[in-house]
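The chain below stands alone and is given as structure tokens, in the form predicted alone.
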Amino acid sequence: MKKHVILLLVLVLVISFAGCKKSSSDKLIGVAMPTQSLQRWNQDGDNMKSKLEEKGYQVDLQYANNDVNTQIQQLENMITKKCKVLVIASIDGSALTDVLKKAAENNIKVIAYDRLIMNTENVDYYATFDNFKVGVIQGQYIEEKLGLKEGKGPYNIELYAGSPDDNNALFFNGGAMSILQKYIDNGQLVVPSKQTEFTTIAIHGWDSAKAQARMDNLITAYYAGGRKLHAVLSPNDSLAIGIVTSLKNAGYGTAAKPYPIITGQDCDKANVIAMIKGQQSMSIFKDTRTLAAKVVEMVEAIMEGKEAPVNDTKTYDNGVKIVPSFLCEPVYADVNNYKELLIDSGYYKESDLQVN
């Protein structure tokens, strides 16, 4: 009798363990982020992990140090672990074709996170902010602050674009130029360097040091003789902080030589502090909590065998297909509204933004 009871207990434990193991695998979500070197990706990863775990999922969160091969290896490991959904903020949107084919062969759904994955049919959804609108808001900010609609000018401007391997950079640039190009054409905005083509103004890897070096060169070549610089179109904060550093080193920040209007994106702490100091003018606020919450909704729908919620089925062509997308709304922060947007909302603590 005792033997039968022991055998029964062992059998129950084995079944329970197997059930737990299956349940664990069934709830595993892979989250691949590009780097921990930029504040925003740390926040994105943390928000995604915590929100998914709140819903009972297990999360394999990996950062790839901006190395494409590392990200591919991480994704291969996630496939081996039998993750049910992959959420991917790609480093190079065109480099994942082979690994995503493996994901599809294993019936794993893929959500591109804030960066469109290019040249593959094996991306199911895209979650991002309205990236064209990001650029539009940046362009409109320059337009408003310089009084371009009222016919003021001419003003000198220099243009920057983001990394050419990030599809978003094209949307940011396209949105901004949809506002600014007409003023360049009619002479209200003048680009002394004449550097306006995307391939010329793009900064690979969104690298602050490269943005700073380019600004150093622009100042030396075009602004050393006392010519005023009135605005710099910077698509994000990592470029903006390099631009600010260059301008500061060149003596900007005085009454005689004030900082130009400088745009940005992501509301990184260092950049918000720069706004408070009067160095950077604005930054697009993309609340990563909002994007993470939407991606969790998409994951839940996929796990239930449903279609994920989307609000755009026309815009994002990855070269193979139009990827169904959900676009969150961006807004901008500047010195006038940052407290309401960033502190009152709980995104930052006041102590995070102390000016030295």
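Note that residue numbering follows the sequence shown and begins at 1. Nothing here was measured: the structure is a model prediction, and the numbers come from that model.
The discussion below concerns the form predicted in complex with a small molecule, not included here.
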| query | finding |
| --- | --- |
| Exercise: D166 in contact with the small molecule in the predicted complex, heavy atom 4.5 Å | yes |
| The small molecule contact at Y57 in the predicted complex, heavy atom, 4.5 Å | no |
| Distance check, E158 to the small molecule in the predicted complex, heavy atom within 4.5 Å | no |
| The small molecule contact in the predicted complex: N236, any heavy atom under 4.5 Å | yes |
| The single option of A64, V296, C328, L38 touching the small molecule in the predicted complex, heavy atom within 4.5 Å | L38 |
| Sole residue of Y183, W206, F171, Y125 within 4.5 Å of the small molecule in the predicted complex, by heavy atom | W206 |
| Option from 208 to 216, 258 to 266, 141 to 149, 187 to 195 whose residues, in the predicted complex, bring a heavy atom within 4.5 Å of the small molecule | 258 to 266 |
